[in-house]
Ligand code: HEM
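Let's start with one chain on its own, the form predicted alone, as structure tokens.
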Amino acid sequence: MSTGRREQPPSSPLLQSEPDPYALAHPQEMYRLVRGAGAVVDLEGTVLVAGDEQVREVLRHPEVFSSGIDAAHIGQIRPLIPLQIDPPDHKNYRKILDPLFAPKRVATLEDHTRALVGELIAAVVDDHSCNFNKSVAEPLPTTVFLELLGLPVSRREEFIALKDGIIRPPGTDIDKRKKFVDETGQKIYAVLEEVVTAREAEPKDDFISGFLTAEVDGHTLTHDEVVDIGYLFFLAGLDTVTASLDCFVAYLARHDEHRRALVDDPGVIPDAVEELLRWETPVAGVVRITTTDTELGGCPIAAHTPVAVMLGSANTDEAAWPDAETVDFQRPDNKHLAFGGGAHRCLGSHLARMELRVALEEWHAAVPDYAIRDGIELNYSQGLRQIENLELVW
């Protein structure tokens, strides 16, 4: 169903300034409510796109639905490369960046990643309890990505706090939150300026040094372009795998039959990763802005209108997915949109998949039977669905 009417969908806590904790933990119910109002819903100034078919249409057409700097503000002072660069310029940056995250390159990182996961688990396994977010989900991808990028791992806690200041700013006042994000963004820029300047003087074996020497069609990246790439990587690399691991393990802790399937047959884990990405979709949505008057699913959309592209809703759309609300680790042809789609599909998807797979393999080999500590009401954050209080016992 779609609608061209200006229609408010059924009231949903996730669309309010202070969402209900239950709604954050179970967004699939909200997605279903929105789709009940229409696959495309005009909210007087912002358009929600909730249907799988319509979401894919938006992602396939960046010339109409731009992800440029006007689409989303996260403390940046210039467009983030390559996320906020639309085709055709976008492809030049991807030529440089894609090889860094190609499957063969990611495969060379697996042994080190597995060793790191083993160390993190060994530090807590004999305690028979841990905060999984703090002990495993946060330090694992953060350490891997800081090493790749060339930022000091010794400053991990500082960098995590800066990342959270952009993605999860405190308070509910919109103006105060924006001010906090802008101030935090300046701190991140200061860190990146320092490191990029240092690598210009003395290159090392890391991504930033590689960016400075990379060449496409006879052109190298400027200092500012390398900083802008670093800013995006700083946010994405330090958060999305953490959010995914939190959601996955929380789900498995509450669904014994699914957890047991991974323990009994670790070969299921790659497919489980895909299905949990579909069901949980930690990055629930992205924002686009229209470049021209257009129409989507019968809904007219004016130029310069923000469009909220609900990836999580597309991934649970009963019109596109057989048994959409069944979590099935044997699901065939699982072409979910958890990594987005089209030209701006997630650059680090292969790295994310490897980290998620290795983490689940090592965790379930060491801790096959675990549960959420009694009395804990899991607190899912807005946006990227991190769970800071993921307290487990075994």
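Throughout, we count residues from 1 along the sequence that is shown. The shown structure was predicted, so the numbers you read here are calculated from the model rather than taken from an experiment.
Just so it is clear, the following notes concern the form predicted together with the ligand, a form of the same protein that is not shown.
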Heavy atom within 4.5 Å of the ligand in the model of the complex - residue from Leu262, Val283, Val196, Cys130: Val283
Proximity to the ligand in the model of the complex, single hit among Leu33, Leu356, Val64, Val367 (heavy atom within 4.5 Å): Leu356
Partner-proximal stretch of 326 to 334, 24 to 32, 341 to 349, 44 to 52 relative to the ligand in the model of the complex, 4.5 angstroms, heavy atom: 341 to 349
Partner proximity in the model of the complex: Phe145 to the ligand, non-hydrogen atom cutoff 4.5 Å: yes
4.5 Å heavy atom contact, Ser313 and the ligand in the model of the complex: no
Non-hydrogen atom contact Ile269 with the ligand in the model of the complex at 4.5 angstroms: no
Interface membership of Tyr251, the ligand in the model of the complex, 4.5 Å heavy atom rule: no
Residues from 197 to 211 in contact with the ligand (non-hydrogen atom within 4.5 Å) in the model of the complex: none
